[in-house]
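In the structure tokens that follow, a single protein chain appears in two forms: structure 1, then structure 2.
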Structure 1
Amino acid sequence: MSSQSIKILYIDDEENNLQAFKAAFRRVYEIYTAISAADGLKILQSVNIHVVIADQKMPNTTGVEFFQSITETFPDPIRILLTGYTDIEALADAINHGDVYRYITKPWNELELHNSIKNAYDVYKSRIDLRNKITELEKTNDELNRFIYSISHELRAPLVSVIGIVNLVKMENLYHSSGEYWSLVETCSNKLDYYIQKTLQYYKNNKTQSEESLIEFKPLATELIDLYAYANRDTQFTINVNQTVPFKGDLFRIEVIMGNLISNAIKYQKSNEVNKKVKIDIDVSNEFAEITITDNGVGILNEHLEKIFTQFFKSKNHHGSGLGLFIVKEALNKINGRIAVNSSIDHGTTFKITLPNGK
């Protein structure tokens, strides 16, 4: 914006001052003048003023009173107070109630006033820019929320229909009727659905404020096993919960953490294992909940142990998304939890998580 279009309103009860101001600055700025606070208000109402300069000593309404009266209605213009004498009380008032940016004594020094106006306009501009940025961000955030909602509905709904059709194919004994095509369709659909679900989980984990509620681990663990084991009934679960004290924590994130670990324990079983086993031990004290999830599955290579929590890490032999444990770690970070892993290849893996009790 050229300085010519910077709009200045100058209010002073002395016509001479108004004229002098105009003469000095009219080539540089777009100048509006008013002989009283009331006249000044009228101009504010019709013109988008950037900087307001007011004389302190005016009949009826003083400069500070005027500034004070427009703090709600016209908060944007930057204010400069002019006074002919040093009045500490007016100065304190100006700062405390009038939201005044600069205080300049009369007679003004042209260069000083000029610089003050320029700086005031910069402040005006950055305030407006900031506000526009915030509006823009809010809009983006809103769109993102809608986008996430539509992923969870519009994008997932037809996919779930496809999975429903595959189930029908199974019920009608047509699953093997076209070679392996149906099983391929099923694998791809499940994988896509898994990615959608994990992406949503990751997003929600980042967005959602931590919300604490009382947690009963026994029913929670049973529910999660039901949820993740329904497609895989041949794994034996043992649950030992020792909870005699109340536990307060972030239910959403604890579900995400335990859910991902339980689903991994089921997923990474050895296909030739006859006794697929998952053991869940939960010990709750006043300070912590310690959750240990042990499986007798394929195990994790020693050199992979450090990488399993990084995003998109996948081992060669297995078809994970590379998101599950990454999300577990992100969720644990949000609630100050810890995780440790112990694994022996071909014998199984133990994950131990420690969650602070927020009682």
Structure 2
Amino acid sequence: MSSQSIKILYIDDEENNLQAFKAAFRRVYEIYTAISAADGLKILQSVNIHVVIADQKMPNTTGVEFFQSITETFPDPIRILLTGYTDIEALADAINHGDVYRYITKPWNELELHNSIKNAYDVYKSRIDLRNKITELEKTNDELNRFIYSISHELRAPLVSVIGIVNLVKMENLYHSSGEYWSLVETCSNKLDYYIQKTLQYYKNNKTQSEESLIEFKPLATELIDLYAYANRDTQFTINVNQTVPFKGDLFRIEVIMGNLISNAIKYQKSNEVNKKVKIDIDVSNEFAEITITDNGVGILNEHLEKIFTQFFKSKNHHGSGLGLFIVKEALNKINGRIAVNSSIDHGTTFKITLPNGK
């Protein structure tokens, strides 16, 4: 952009100053002048101003007050304050509040003011460019997320068919008829299905608006256990629910949180454990629901406890995707929930979730 197309608004209650400014810079910039803050506001409403210069001493409002009044409605124009030495206290307050980019003492030096305007416009342009880049990146990210969601969703249909065929083979007692091939097909299909489900959960958690509804934790916990334990009936579940008051919360995200933790409690049992156990305790009050899920599985190393909620983090003794607990943490952030974990190797893990009651 040439200097001529840089739009400057200068506000001053002294006509002589306005004329002097216009005479000095009209050949360099596109100049707009206003005799009062009210007139300046009208210009801002009709012209895309890049730099606003205002005198501090004006009868109805000060330059600092004017800048503060336009911060929300016109955040983009860069602000330069013209002031005398006696206004230093008001100037410091304006700079501390971020309303002034630079101040220049009166009477101004033409070269100093010219350089300040050029620097101010560079800041203006950088801010606009950055905002456009952010908007572009957000759009690209949104398109990528929708693409991943669409692909994942479409992949599930043929995958469910494959899993269905494996189940038919089992029903017809042909599962072991071809050595380990059917077992390999089932293992790979289940792993792929797991990754797809986690991808869909991640997408929905990021995109779905929070919707609160009344939740009964006893049937919810039972349904989630039936859903995630259907392929592993060796684990014994104990459910203790103390809910004497209504609880209102985001059912989708609470299902995601509890489902992932129940799934992990099953998945990370010790292979040689005869008595596999998972205990779920839920206590609901008017303020919170506290959900504790304890297993007697392989446990988590102490040095890994701070990292388990990181995306794609995998512990040596865990064979998951590194997505489940990350999604749990993301879902909790969406509903202002908290999570704590306690674990001991070969003795098991306890997750404690605290959810605010929105009733």
Partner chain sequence: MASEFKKVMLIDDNEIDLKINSKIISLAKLFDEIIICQSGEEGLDYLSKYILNPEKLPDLLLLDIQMPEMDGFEFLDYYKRLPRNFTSRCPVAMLSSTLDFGDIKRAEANAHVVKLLRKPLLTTELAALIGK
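Note that the rigid core is defined as the largest set of C-alphas that superpose within 1.5 Å between two forms. What you are looking at is a predicted structure, and each value in this text was computed from that prediction instead of being measured. By convention here, residues take numbers in order along the sequence of structure 1, the first being 1.
K.L.:
So which is the form predicted on its own here, 1 or 2?
P.N.:
Answer to the question: structure 2 is the form predicted on its own, whereas structure 1 comes from elsewhere.
K.L.:
At the hinge between the two rigid parts, which of N272, H153, N275, S46 do we find when the chain moves between structures 1 and 2?
P.N.:
It is H153 that lies at the hinge between structures 1 and 2.
K.L.:
Treating the chain as two rigid parts, what rotation angle in degrees relates the smaller part to the larger between structures 1 and 2?
P.N.:
In whole degrees, the smaller rigid segment turns 43.
K.L.:
Y181: how far does its C-alpha move between structures 1 and 2, core aligned, in angstrom?
P.N.:
Looking at the C-alpha of Y181 between structures 1 and 2, the offset is 2.4 Å.
K.L.:
Upon rigid core superposition, what is the positional shift of the Cα of T33 between structures 1 and 2, expressed in Å to one decimal?
P.N.:
The alpha-carbon displacement, core-superposed, is 27.4 Å.
K.L.:
Superpose the two forms on the rigid core and tell me the Cα shift of Y149 between structures 1 and 2 in angstrom.
P.N.:
Its alpha carbon moves by 6.4 Å.
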